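What follows is one chain in structure tokens, specifically the form predicted alone.
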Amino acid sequence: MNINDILDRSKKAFFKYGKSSGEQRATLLETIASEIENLGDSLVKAIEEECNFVEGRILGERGRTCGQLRMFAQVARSGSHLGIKKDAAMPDRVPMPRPDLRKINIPLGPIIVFGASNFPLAYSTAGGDTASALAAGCTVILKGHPAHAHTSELVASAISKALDKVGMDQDIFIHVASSDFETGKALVQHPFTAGVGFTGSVSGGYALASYTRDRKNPIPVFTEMGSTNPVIYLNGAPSEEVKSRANMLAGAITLGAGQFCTNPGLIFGLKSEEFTTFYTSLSENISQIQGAKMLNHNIQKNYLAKMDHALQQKGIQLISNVTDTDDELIAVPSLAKTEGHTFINNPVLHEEVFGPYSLIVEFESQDQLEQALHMIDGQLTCSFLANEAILKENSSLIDIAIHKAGRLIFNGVPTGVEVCDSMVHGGPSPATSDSRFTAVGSDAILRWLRPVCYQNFPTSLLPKELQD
């Protein structure tokens, strides 16, 4: 594999594609979506074999993937991402005249995208990073994830067919099938690379960041890494609502064998009879949910290792009814409990356990709960299970949470990330590497753009969008 050749081809393709119209990019994205749908049963079968997903999950993720491709087509067509600003010349202004100034966002260049292990479609080959980068006018080099290599190749073939149908250069999108770390490092460190998109582990994200620090010229690296997505339970609900909340949360913890970056891994509450009823009901619900197969052996192995490490910590009690299974890929849902002071004094308990596991933390006081919330790292989400009046009385928790997470949720669960204009899927490190941006929603396109100002340029030499 010749990395120099790959980046050279991508760079050459970028100089033309970066000047394409929003309409041309929109047509490409819509055609990619149609070609993915045209893969039909072959795509479904590939994902079933590689990822242990049921058909419903596959069809749902395919719908989301094609939906966000079409959403970014609308963004490209509208030009809303261009951030156009115009300040007319003021030659007679005193004491100094003002020149004619016009600003527009332009694409960065070739972008390296790493496929995610847990989303073979929505966060991989034609996922959100690829779709938003193509919408911005960037070329994409996709490093497929080895956990679903055949799926990645199928989707890459759909993109290739779409490029051919719209008459665009095949090098606008280049698929790299490699399982070694050195290939990823070489792609990121190549001087023609203009940006990086990654969804995965904290260690993987930090490794990519370290690669860019060794570059002569820095580039933006947008990594989505780890999150425990704390859920804060506030007392004051009627008994039937307590059990309803427990049932809702049990579903979120076990959804998809817990293999979501938004899986609720921490549950905070004040010691009380109501909170005891809540987590007892939660434990009962979880113990009745059958374990599901994880995507692959590595993910299942890491889940067991991280969970066992957490459960071995002093002061941790396993409260769910965990049973053994003969299938080594099955992830049995688990719920543990600890006291507030134990959690505060042991950073190991703050770490993400990627799978259907959650930790109940019971606090003695509001001050202790707030102390714990201050201590945890950056998060994608923070949820509140509470009545409106109760949460209003405890608004200090919101004041802390807003600086900890990218999305605050009221009486809901963090799983199920809507793809829309107002979504923020990001947060302070280590949730993401740059909390100013989102990886989901139309604003994800802003990651692959930079502003340029034209001063006193003749109209004929301005980009079409800046011309009067």
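Numbering starts at 1 and runs along the sequence shown. All values derive from a computational prediction rather than experimental measurement.
One more form of this protein, predicted together with another copy of the chain, exists but is not displayed; see below.
Asks: Between K314, R98, H297, H309, only one gets a heavy atom within 4.5 angstroms of another copy of the chain in the model of the complex; which residue is that?
Replies: Comparing distances to another copy of the chain in the model of the complex, the residue within 4.5 Å is R98.
Asks: Please pick, from D164, D180, E388, E273, the one residue with any non-hydrogen atom lying within 4.5 angstroms of another copy of the chain in the model of the complex.
Replies: Of the listed residues, the single hit is E388.
Asks: Counting only non-hydrogen atoms and a 4.5 Å threshold, tell me whether D87, R93 and D434 all contact another copy of the chain in the model of the complex.
Replies: Yes, each of D87, R93 and D434 comes within 4.5 Å of another copy of the chain in the model of the complex.
Asks: Is there a heavy atom of Y211 lying 4.5 Å or less from a heavy atom of another copy of the chain in the model of the complex?
Replies: Residue-level check for Y211: no, no contact with another copy of the chain.
Asks: Does the 4.5 Å heavy atom contact test between D443 and another copy of the chain in the model of the complex come out positive?
Replies: Yes, D443 is a contact residue.
Asks: Is P428 near another copy of the chain? Define near as a heavy atom within 4.5 Å, in the model of the complex.
Replies: P428 belongs to the contact set for another copy of the chain.
Asks: When the contact criterion is heavy atoms within 4.5 Å, does D421 count as touching another copy of the chain in the model of the complex?
Replies: D421: contacts another copy of the chain in the model of the complex.
Asks: Just one of 412-420, 62-70, 40-48, 22-30 has residues with a heavy atom within 4.5 Å of another copy of the chain in the model of the complex, so point it out.
Replies: Looking at the partner contacts, the answer comes out as 412-420.
Asks: For the heavy atom contacts within 4.5 Å of another copy of the chain in the model of the complex, list the residues of 380-403 involved, in sequence order.
Replies: In sequence order, F384, E388, L391, K392, I398, D399, I400, I402, H403 come within 4.5 Å of the partner.
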